[in-house]
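Presented below, as C-alpha cells, is a lone chain in the form predicted alone.
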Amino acid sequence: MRLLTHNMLSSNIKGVEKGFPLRIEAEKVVEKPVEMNADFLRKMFEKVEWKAFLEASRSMGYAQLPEEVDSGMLESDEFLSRFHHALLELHLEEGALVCPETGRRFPVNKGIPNMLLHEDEV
C-alpha cells in the first residue's frame, strides 16, 4: 500500500468521529521504483493532508520530508524527489492500520489493507 492510498483512508466504524489519520504499524516496507511525474506530484500536493503524510512516512522509516511545507517548495527538484519517493515508491507490504479513536487494527497483507468491518462495527 502506497502512502498515496493511506492519505485517503479513514476508519468507518460506527460511532467513530475521528477516523483519520490511521496510524501505521509497519512490519515490512519495500521500495518499488516509479518514474517521476512532476506535474502529477504538484497536483497531488494540494490533496495530501501533510501532517498525516509526514507521520505516515516516518512510521515507515522515511524521515527526509520537512515538517512545514508550502506550494513554493514544488519548484525544488530535491523536494519533489523526496515527496515522490514517500508518496509513490514506499509500500507497506505487511503491518496494520490503526484507528486513532478506537485502536482497532486493520491488517495489511501483501500490500492490501483489509478495511472490512466486523458485524458489530457497522
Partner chain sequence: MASRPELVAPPEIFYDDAEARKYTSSSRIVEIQASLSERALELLALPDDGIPKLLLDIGCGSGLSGETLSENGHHWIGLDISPSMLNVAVEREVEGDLLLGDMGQGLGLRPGVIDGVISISAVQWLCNADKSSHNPILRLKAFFTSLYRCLANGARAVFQIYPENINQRELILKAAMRAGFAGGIVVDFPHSTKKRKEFLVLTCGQRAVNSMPEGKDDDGESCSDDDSEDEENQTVRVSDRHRPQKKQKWNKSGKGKEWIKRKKEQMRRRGNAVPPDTKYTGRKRKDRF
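Because the structure is predicted, anything quoted here is derived from the model rather than measured. Numbering follows the first chain given and starts at 1.
Although it is not shown, the form predicted together with its partner chain is what the next lines describe.
> Would its partner chain in the predicted complex be within 4.5 angstroms of a non-hydrogen atom of every residue among 4, 39 and 113?
Yes, all three are in contact.
> Check whether residue 77 has any heavy atom within 4.5 Å of a heavy atom of its partner chain in the predicted complex, and answer yes or no.
Result no; residue 77 lies far from its partner chain in the predicted complex.
> Would you please decide whether residue 85 lies within 4.5 angstroms of its partner chain in the predicted complex, comparing each non-hydrogen atom pair?
Yes, residue 85 lies within 4.5 Å of its partner chain in the predicted complex.
> Does residue 12 reach its partner chain in the predicted complex, with heavy atoms at most 4.5 Å apart?
Looking in the predicted complex, residue contacts with its partner chain include residue 12, since a heavy atom lies within 4.5 Å.
> Does residue 48 reach its partner chain in the predicted complex, with heavy atoms at most 4.5 Å apart?
Heavy-atom contact with its partner chain at 4.5 Å: present for residue 48.
> Since the partner is left out here, which residues of 24-50 would have a heavy atom within 4.5 Å of its partner chain in the predicted complex?
The stretch 24-50, when checked against its partner chain in the predicted complex, contributes 29, 30, 31, 32, 33, 34, 35, 37, 39, 40, 43, 44, 47, 48, 49 at the 4.5 Å heavy-atom cut-off.
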